[in-house]
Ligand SMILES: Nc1ncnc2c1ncn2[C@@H]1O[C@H](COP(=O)(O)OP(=O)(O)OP(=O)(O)O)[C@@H](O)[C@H]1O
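Okay, here we've got a single chain as structure tokens, the form predicted alone, with questions on binding and movement later.
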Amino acid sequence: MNAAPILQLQAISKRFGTIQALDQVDFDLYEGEIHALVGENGAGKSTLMRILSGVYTEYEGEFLLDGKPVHLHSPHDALDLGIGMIHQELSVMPELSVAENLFLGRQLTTRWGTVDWKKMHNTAEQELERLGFSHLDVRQPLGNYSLGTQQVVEVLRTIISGARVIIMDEPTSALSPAEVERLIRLIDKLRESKRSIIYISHFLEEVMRVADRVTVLRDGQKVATLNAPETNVNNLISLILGREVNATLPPAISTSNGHTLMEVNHLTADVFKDISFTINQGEVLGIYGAIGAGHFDLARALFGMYRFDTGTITVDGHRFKPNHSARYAIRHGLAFATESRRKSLLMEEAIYRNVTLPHLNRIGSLTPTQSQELKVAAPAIHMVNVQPPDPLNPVGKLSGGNQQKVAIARWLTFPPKVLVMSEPTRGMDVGAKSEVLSLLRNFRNQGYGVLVVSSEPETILTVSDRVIVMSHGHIVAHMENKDLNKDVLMRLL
């Protein structure tokens, strides 16, 4: 590293009304360094990065770039100075080609001002080959590729733009294990070419693999900056939470009496084939697979959100009619929390409204009053420990972990026979993950059935009684969760 950092944030403070989001935070970054930023949801990571990327322009403290004070007025200012940010929520345009996405907003033009398609395609191919992604067809619509590849293209767009400081916010949350490895190799190349990366992730093992240094934020304050070789995951967890983490879930009470709550036989669609399994009363079944394995579409098909061709679904003895609706599924004891919280929840609506929304016809009248809805929602909100607990608070103001709690709470008011959870802990910090998985285990302990669908092996291994592994639309293994580990699951993909 050079003697002086290329970027320094000194005593940065930021308030939102009465909330102190950042309090005297220092952060620096050297040329060719990977500096990870970790902390719970709400710790201040996003606020700090939005200052650095020009989104927030009003704050206290000093921002130095190459030793000189700067004050950004917009994200465009940040890009002009070589600072690019890759957000967790994709900003790609799936209907445009790979090349158009790589040069989005700065298309190469001829001297007459028209798009120079030949030059843009050739340049895109050269850049992709240089970065190790020559397998991508730059003329194909990006939407033809997987979500993981779309995420990679967003990363590549920032790199090709010439940014020397790259902020990566949860860059692997939608990637398959193979794509994660490819991205890590790319990060190593960027380090060798003297690019500097601020790496934000809840995957602490991943952080330890890529980072040179790690800064921990908690409640808007910097707790520590550590050299990665001098710390470990357990130490980071303790610093993030401010206490020793209790990684144990509620005990697995043996409530399964052999009564089958859900039976799926030979379910087949375009992206999955011949899927069969059962879920017993008081049991968690985990379905693990990489992005594109077909397990997310399977979960949607169970709930009536994805069309299947053949096969049967039975819940507590009732065989579902072919290609049923979501309303039909709810009425017959099946609930579903999708992996996309922002699509399943109404962000502008109050917490209690999100909890009662699927059950308005059960609350007592065609148009329930606010007091009626609050009476129904309050116990579930309390049960999942939403923070802050005000039921009138808009869901959009909650952290990702608390939004997920709301997504679970809506199915606790009138509990289903079987709860299907898709990526229940995606993008969460370690504390929120532990709370959500505890909720699922408690639901199981009360005698209900739970199906957890995830591409995160840690989540599957932590909460499941049995594990199914899917690869390329097929079940390749079905095992008791005894002596299983991450390596075993990943080798089956």
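Think of the rigid core as the biggest set of C-alphas that the two forms share within 1.5 Å after superposition. Please read these numbers as outputs of a predicted model, since none were measured by experiment. Residue positions are given as counts along the sequence shown, with the first one as 1.
Just so it is clear, the following notes concern the form predicted in complex with the named molecule, a form of the same protein that is not shown.
The contact residue chosen from 438, 445, 462, 46 relative to the named molecule in the model of the complex is 46, the criterion being a non-hydrogen atom within 4.5 angstroms.
Exactly one listed residue, out of 400, 368, 333, 304, brings a non-hydrogen atom to within 4.5 Å of the named molecule in the model of the complex: 400.
Heavy atoms of residue 170 reach within 4.5 Å of the named molecule in the model of the complex, making it an interface residue.
Among residues of the shown chain, residue 424 is not one whose heavy atoms approach the named molecule to within 4.5 Å in the model of the complex. In the model of the complex, the named molecule sits beyond 4.5 Å of every heavy atom of residue 30. Taking the partner from elsewhere, residue 388 is found to have a heavy atom lying within 4.5 Å of the named molecule in the model of the complex.
When contacts are defined as a non-hydrogen atom within 4.5 Å, none of 300, 328 and 473 contacts the named molecule in the model of the complex. With the partner left out here, the named molecule still marks one of 352 to 360, 390 to 398, 261 to 269, 103 to 111 in the model of the complex; by a 4.5 Å heavy atom cut-off that stretch is 390 to 398. The partner is not shown here, and in the model of the complex the stretch 123 to 145 never reaches within 4.5 angstroms of the named molecule through any heavy atom.
Annotation: Cα of residue 397 displaced by at least 2 Å between this form and the one not shown, core superposition.
With the core held fixed between this form and the one not shown, residue 298 has its Cα displaced by under 2 Å. With the core superposed, residue 351 shows a C-alpha displacement of at least 2 Å between this form and the one not shown.
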